[in-house]
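As C-alpha cells, one chain now follows by itself in the form predicted alone.
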C-alpha cells in the first residue's frame, strides 16, 4: 500500500488492453477501483486483479450523460480509456471520441473530481486527413473546455501481450506465405520501408498514468508517450517474422493497393483495415518532440524487442515448441 487505500478511481474502458494493465497496477498501489464498462460480464476477469471488494464493475456508456454522472460520483480520479479504431452504427468517432469525452469531463467537473486523465493518440490533429485523428484532436479540445486541469496522454502504437498491432502481424504471418507492407516509394530504395512508428510499452504507459492520477504537477498538460526507437513498417514485420520463426516473403506494395483493399474490407464485421485507417497509416505514429514525454515521469522507455519476444512465440510452428523423442536403434 502507498497511503491511497481510501481513494477511489473510476476507469472508463478499464477492460481493454491498456485498462487491464492499469487496473492491476493501481490495485497494487491500494486504490479502490471502479471499472466502468458496457458489459460487466466480459470484464469480470478484472475482479481477481485486486483483493476482495477492491475492484467493482459498473455498467455505463460514455455516450449516456446520466450513467456517466452516476459513475464518477465520489471518485477522486477518473481515467478515460474509451476509444475505437473504426466506426460502426452509433459507435462513431463523433459519439465516442468527442461526445463521450465531453460527457466524462463535464461530469468530473460537476462532481468535483480532482484528477482527470484522458488517453488520446499521437497524430491527433484537426488538420489530419484521417477522421480518427481529427476526432482525437476534437476530443482533447472538448476535455480541456470542460475540465481545464485534465492531463492528456498521446501514446504511439502501444505494445504488450494483448496488443492489436504486433499480434495482428503475428496472425498474418502464421497464416499467409506472403505478408505485404505499404509504401509511397520504391520498396528497396532508401526510405522505402513504409510509414514509421515509435511503439511504446504498455507498462510504461500505465506507469505514467498511475503517477498522474495523484500528482497535481501533471495537471493541465499534454504528454507524448513513445518508445526509444523508430521502426518502419518493413522492420516491424521482419521482427515479427523472425520472432515467429517463420520464413515469410515480405513485399512492398504501393498505397493505392491498400486503399482498394480497405474499401472492400471495411464492410466486414471487424475489418482488418478501413480507408480511414489507410490515411492514418500513411502518416505513421512518431513523437513530435514538441511536448514532454516519459522522461517527465522519470521513466526510461522500454525497447520493443525486449517485450515482443515474450509473447510472439505463440505464432511459431508447433514443432518449435516440442521435443522430438527419437528411439535408439536396437
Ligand SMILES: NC(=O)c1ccc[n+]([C@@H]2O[C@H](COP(=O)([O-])OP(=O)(O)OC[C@H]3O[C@@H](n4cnc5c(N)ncnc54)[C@H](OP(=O)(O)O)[C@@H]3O)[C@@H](O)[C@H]2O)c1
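Numbering follows the first chain given and starts at 1. Remember, it's a predicted structure, so these values are computed and weren't measured experimentally.
Same protein, other form: the form predicted in complex with the ligand, not shown, and the subject of what follows.
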{"item": "4.5 Å heavy atom contact, residue 38 and the ligand in the model of the complex", "value": "yes"}
{"item": "Residue 119, heavy atom within 4.5 angstroms of the ligand in the model of the complex", "value": "yes"}
{"item": "Non-hydrogen atom contact residue 226 with the ligand in the model of the complex at 4.5 angstroms", "value": "no"}
{"item": "In the model of the complex, residue 51 touching the ligand (heavy atom, 4.5 Å)", "value": "no"}
{"item": "Single option in 133, 206, 96, 142 placed near the ligand in the model of the complex, where near means a heavy atom within 4.5 Å", "value": "96"}
{"item": "Listed residue that, although the ligand is not shown, lies within 4.5 Å of it in the model of the complex (heavy atoms), from 158, 233, 173, 75", "value": "158"}
{"item": "Contact stretch among 296-304, 62-70, 258-266, 24-32 - heavy atom within 4.5 Å of the ligand in the model of the complex", "value": "62-70"}
{"item": "Any residue of 8-24 that, in the model of the complex, places a heavy atom within 4.5 Å of the ligand", "value": "13, 14, 15, 16, 17, 18, 19"}
